[in-house]
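First, one chain by itself: the form predicted on its own, in structure tokens.
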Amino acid sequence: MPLLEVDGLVAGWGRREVLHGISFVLAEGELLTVLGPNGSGKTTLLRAIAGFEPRRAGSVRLDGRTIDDAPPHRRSIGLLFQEPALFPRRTVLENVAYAPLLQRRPEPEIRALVDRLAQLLALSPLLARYPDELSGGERQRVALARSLAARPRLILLDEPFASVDIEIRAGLRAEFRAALRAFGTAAVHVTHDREEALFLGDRLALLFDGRLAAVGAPSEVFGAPGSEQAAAFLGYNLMASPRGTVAVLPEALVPEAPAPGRPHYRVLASARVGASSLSVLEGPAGERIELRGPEPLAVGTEVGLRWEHEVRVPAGAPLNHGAGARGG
């Protein structure tokens, strides 16, 4: 039996319907990342599962039990937001121990639980500090520890790294994943960050305009986007070819001398980015193409493009934002 079953979930605000028949299952201890652009319904999905947004149709089951009418505090679901809502006048230790104390667990058990979480999330030196004495990343680790200390059946993570400095984000992701694994806690993690979604999830779901476009292992979803929209959002360029529209990664494109009768691309911008370079090109129809290579291209010049690896995608309207756009 799956831990979580979401079946035909419809939810929205006022007259606006945001989620349109969302269905998926989550296994015990599994981590599902939901990837989609801003406004796609990611936060609404979490809030509906947690009971903070009323559903208009469909159902949510946890451990085989329908929880549609259960209030949020009766669902055994933790919810972690972008900004950790810690108790400002309680220390780190008191924040983490809050739920076990309410559950009237024995004091030795609480202390052992706090110590284990503190070790997993590098909080041991911080237990006596207050939230205003912590960095953003430290506050998020405390928020996760506090959520796990309540021993929920499921944790919902609403872009918890969005407000964290980029230099500590990778380490924080790894710590979150390790802590969830150590406690065997299932989680649904929503984000608009491709790298984060591909790194964290056992499975990946793509959410566009309140509808699930794909669900599967991250490597499968990335390796075979089911639509032009999915390919564009996953970072592919959409290129016209004799075989129809194909998806090509920026690093798979190779510039060459422009040839008669073949599309020409004008270099709009190009700069070194770390050990490689990133160039933005404009195609014949005004589309934008991203190319990654060893050296920057000369701005203002025209080039042809070739590639050796491509992915066929069904026709459909691509997104107008993110890396990748329709090729000429």
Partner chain sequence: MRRPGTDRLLLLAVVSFLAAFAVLPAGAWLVGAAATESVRADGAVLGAAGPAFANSLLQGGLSAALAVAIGYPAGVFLGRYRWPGRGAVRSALLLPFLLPTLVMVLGLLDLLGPSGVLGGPFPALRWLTVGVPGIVAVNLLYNIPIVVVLTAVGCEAASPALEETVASLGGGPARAYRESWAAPSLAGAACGGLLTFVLSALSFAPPILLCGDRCATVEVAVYRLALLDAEPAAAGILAIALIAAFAVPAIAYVLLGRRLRGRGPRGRAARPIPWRSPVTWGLAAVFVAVLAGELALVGAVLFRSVVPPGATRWGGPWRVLLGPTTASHLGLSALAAVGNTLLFAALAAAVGIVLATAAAFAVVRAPTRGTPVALLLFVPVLLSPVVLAEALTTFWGPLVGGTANVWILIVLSQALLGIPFALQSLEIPLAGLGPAGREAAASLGASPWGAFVDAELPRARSGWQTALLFVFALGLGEFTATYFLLTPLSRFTTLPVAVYDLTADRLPGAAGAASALLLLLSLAVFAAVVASGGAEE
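Residue numbers count along the first chain shown, from 1. This one's a predicted model, so the numbers in the text were calculated from it and none came from an experiment.
Just so you know, the form predicted in complex with the partner chain exists too; it's not on screen, but the next bit is about it.
Asks: Quick one: find which of 278-286, 263-271, 57-65, 41-49 has residues within 4.5 Å of the partner chain in the predicted complex by heavy atom distance.
Replies: Single hit among the candidates: 41-49.
Asks: Could you check which residue among Leu102, Ala128, Ala174, Ile166 gets a heavy atom within 4.5 Å of the partner chain in the predicted complex?
Replies: Going through each option in turn, the one that passes is Leu102.
Asks: Please pick, from Arg211, Arg90, Arg194, Arg116, the one residue with any non-hydrogen atom lying within 4.5 angstroms of the partner chain in the predicted complex.
Replies: Exactly one residue meets the criterion: Arg90.
Asks: Can you check whether Arg181 is within 4.5 Å of the partner chain in the predicted complex, heavy atom basis?
Replies: Flag for Arg181 set to no.
Asks: Does any heavy atom of Ala112 come within 4.5 Å of a heavy atom of the partner chain in the predicted complex?
Replies: No, Ala112 stays farther than 4.5 Å from the partner chain in the predicted complex.
Asks: Answer for Asp69 alone: is it within 4.5 Å of the partner chain in the predicted complex, judged on heavy atom distances?
Replies: Contact check for Asp69: yes, within 4.5 Å of the partner chain in the predicted complex.
Asks: Would you check, heavy atoms only and a 4.5 Å threshold, whether Arg243 touches the partner chain in the predicted complex?
Replies: No, Arg243 is distant from the partner.
Asks: What are the residues of 275-290, in order along the chain, with a heavy atom within 4.5 Å of the partner chain in the predicted complex?
Replies: Contacting residues: none.
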